[in-house]
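Listed next as structure tokens is one chain, alone, in the form predicted on its own.
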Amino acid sequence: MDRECVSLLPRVCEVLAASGSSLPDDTILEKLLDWFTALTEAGESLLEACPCLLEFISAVIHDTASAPGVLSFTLRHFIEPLLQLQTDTSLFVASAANQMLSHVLLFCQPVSSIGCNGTNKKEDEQNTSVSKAVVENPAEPMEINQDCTAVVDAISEYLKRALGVPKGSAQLHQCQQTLRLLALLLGQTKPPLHDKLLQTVTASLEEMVAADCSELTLPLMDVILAACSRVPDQRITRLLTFMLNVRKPADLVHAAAAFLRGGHHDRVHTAQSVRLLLLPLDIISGQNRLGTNTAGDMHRFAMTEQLKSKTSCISMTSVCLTNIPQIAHMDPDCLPCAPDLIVSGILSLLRICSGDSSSSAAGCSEVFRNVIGSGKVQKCALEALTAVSNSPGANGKLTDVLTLLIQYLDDPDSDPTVLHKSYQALVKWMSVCTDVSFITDQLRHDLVQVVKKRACDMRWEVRDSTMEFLGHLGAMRVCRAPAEQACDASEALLGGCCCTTPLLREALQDPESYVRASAIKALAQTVMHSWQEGAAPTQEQTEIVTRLLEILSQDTEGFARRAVVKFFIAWFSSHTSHTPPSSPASPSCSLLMQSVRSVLSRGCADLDWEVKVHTLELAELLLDKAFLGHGSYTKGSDARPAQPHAYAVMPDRAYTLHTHGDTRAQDAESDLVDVLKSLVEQGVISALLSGLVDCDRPVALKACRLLITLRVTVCPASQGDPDVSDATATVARVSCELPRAGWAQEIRKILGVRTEANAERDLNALNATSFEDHSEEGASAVSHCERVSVCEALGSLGLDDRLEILSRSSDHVHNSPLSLLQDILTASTSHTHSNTQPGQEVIVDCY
């Protein structure tokens, strides 16, 4: 391309992009396109020679007022390159090209909806009339936009040319990618475009199906099922029937699985697919549960021969097992056998996998030996067994299932994943069991022994799975007999805490943090109910609490520390729900409340932000309990009163209590003082203040919301009341300690900035009040910390402004990846300049 053309092309593109209506002479677009085509065929790169074309294409695509002719011309700039990229060796590039081609072709569909944006009144009326015609006569075909016909023809011709029986690896790759594109198009297009595409490729599809190429089975099924998603076509139905009948056994199984995965409701093909998928299981177990069926018997011999290959056997059996959960819950009319026989088939397969020859006596030895010791088949079979636990007739198999799972748990050759899935299956089957009286003492003994064995396994994954299993049993309720009261499953299966608690306590010392965390969670699920009865805490309980507090302060891994805080959250929640508010504190309650202050202080000082958030959740529970029944308290940090507009003027004001002068109001204020003092003593206020200035945004956001809730409850705005009662003054004198270092320094800085005008007066009064009210604490305590009025802090911390800042992320400016990158760069720049003003910080949403 010569220099003059290069210099003129940007201006030409501007003219084309700015044209709001069709050009007087449409042939100039064809000539321009021919010129570009000739340049491309000559080996010249248009985008390198003319970068302005990219801007032009982008401008036209995004401009809803672009003339149809210009838009069609633009799409034919880059259809051919997209078709070439569609078969690129990179799956990412090919997938992106497929998506783009799909969008282009969908753009060419007739308008069938009302209210298109970016059109004038006349065009809206035309669209409305077209839509009305479609609604009134949906069978009447609609014409494709004439301006897009060339684009549709180009894609259709490419599909027709690219589809065919592959003769080499390159053609095979092209066929596979083209079939993926075709499936995408057929699944999204509507008549008449859908019909045009189908008419173009049907002959090629028939040729490819008849070729019996295994590598094309799945993409062909995707195309056929996408084609069936619209009005059924007889030729496509014949292709589906062909795919489910005369192909190779492995292809049959994959085709049947694809059909079920498609969710179609064709009863004939559904029953046929189910039978094909169950056939490998039937052959391996040798039970012949599917009965006699001409079509099934036709495939049995060929499939048996295919299963003699170990690779094919494991692959086909895995596909069969993966689809069994869906099959077991189908309409019985579609099943070739009863659902409980499917469960029996899974159990037989699992026994064969573990080397039990008695279960395979009737089967073909050349087949079942291929699955012995196969971890993949075992995992798939255990997943299938878990999924069919609530299928019809499964209750009758409980004893067989439990016996088999105990054998698997005891097998020294079972790998960690198989053991984990065995535990999962056992938990799931027990969860649907309404009566555990079938469990014999021998079964219970065997399970206890195997659990103790696995709790000491050399592999940490097995120990972790065992801890999770104990926790699940502790949280599950079952009945020993229909007439008896429910108990936890660990008691029914393992004998209760006498077996589980020692194992869990031992796991608290495990060298692996995941195991320690799972053991802590299991303790919360297992022993919590026995701690609710109000009895004096045992030595064991005290030792467990002591050990958990040690983990919270000393453990080097965040998983275990998070689990500790969650343990106390669960304990406090269960205790509160089982204890009336007016009941006296029990010894177990004293142990709990003594631990809470330690949890709050240690949790807030943790380096892990999730530990700190969970600690604030515990503080929130304490607030909920403390203000239970208080009229102005709103439970939950998110259920806060409506905030003013983000840009409204927020005058500084003192937050004081409403006063009414009567005895009931004074009594209420007195109760409020006691509650507030209790929260200070428990460390709740300190936890919230430290969280407010935390460097992690989720922590600061939750603390700010909780502080606003507390402010509304204990020190609402005065609403113009000039008098302040003695009770209000008493509430205002409730104070909390601010340590000399750490988070308290930031709190002092905030309070100092906002009360600069009267800082000296307030500080003198506060120190005098604090000295009078807490003189018994001694001069040594005063020398190491100072105290601040809770109400004064709540009213002076600027909580509403901080909440507005914390609640927004970088998306409030512009929601894009570019925005995030710009925020990061700007934030790094602001840190290098010392003259950054307060409030000018860049808020970057890192979570």
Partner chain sequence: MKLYCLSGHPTLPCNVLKFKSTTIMLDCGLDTTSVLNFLPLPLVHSPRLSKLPGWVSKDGTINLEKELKECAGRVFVDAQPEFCLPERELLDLSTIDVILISNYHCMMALPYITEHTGFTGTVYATEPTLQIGRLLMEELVNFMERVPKAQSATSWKNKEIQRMLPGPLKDAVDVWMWKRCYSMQEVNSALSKVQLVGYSQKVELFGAVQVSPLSSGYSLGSSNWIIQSHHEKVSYVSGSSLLTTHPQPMDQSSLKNSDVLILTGLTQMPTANPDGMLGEFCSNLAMTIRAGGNVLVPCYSSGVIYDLLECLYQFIESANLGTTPFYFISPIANSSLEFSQIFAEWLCHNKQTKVYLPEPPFPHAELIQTNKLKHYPSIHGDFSSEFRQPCVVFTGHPSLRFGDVVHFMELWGKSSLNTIIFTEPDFSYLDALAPYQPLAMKCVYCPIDTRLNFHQVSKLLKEVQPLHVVCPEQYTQPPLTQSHRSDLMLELQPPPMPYRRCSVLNLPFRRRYERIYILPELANSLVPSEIKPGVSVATVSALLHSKDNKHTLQSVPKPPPMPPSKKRKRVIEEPPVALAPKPMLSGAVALEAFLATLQKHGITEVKVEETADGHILHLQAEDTLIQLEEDGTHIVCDSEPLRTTLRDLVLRFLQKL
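Residue numbers count along the first chain shown, from 1. The shown structure was predicted, so the numbers you read here are calculated from the model rather than taken from an experiment.
From this point on, the text means the form predicted in complex with its partner chain, which you will not see here.
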query	finding
Contact residue in the predicted complex, chosen from 173, 376, 196, 453 - any heavy atom within 4.5 Å of its partner chain	453
In the predicted complex, the one of 369, 299, 247, 677 near its partner chain [non-hydrogen atom within 4.5 angstroms]	369
Contact of residue 365 with its partner chain in the predicted complex (heavy atom, 4.5 Å)	yes
Proximity of residue 506 to its partner chain in the predicted complex, heavy atoms at 4.5 Å	yes
Non-hydrogen atom contact residue 449 with its partner chain in the predicted complex at 4.5 angstroms	yes
Contact flag, residue 695 vs its partner chain in the predicted complex, heavy atom cut 4.5 Å	no
Partner-proximal stretch of 589 to 597, 701 to 709, 454 to 462, 267 to 275 relative to its partner chain in the predicted complex, 4.5 angstroms, heavy atom	454 to 462
Residues within stretch 385 to 421 having a non-hydrogen atom within 4.5 Å of its partner chain in the predicted complex	410, 412, 413
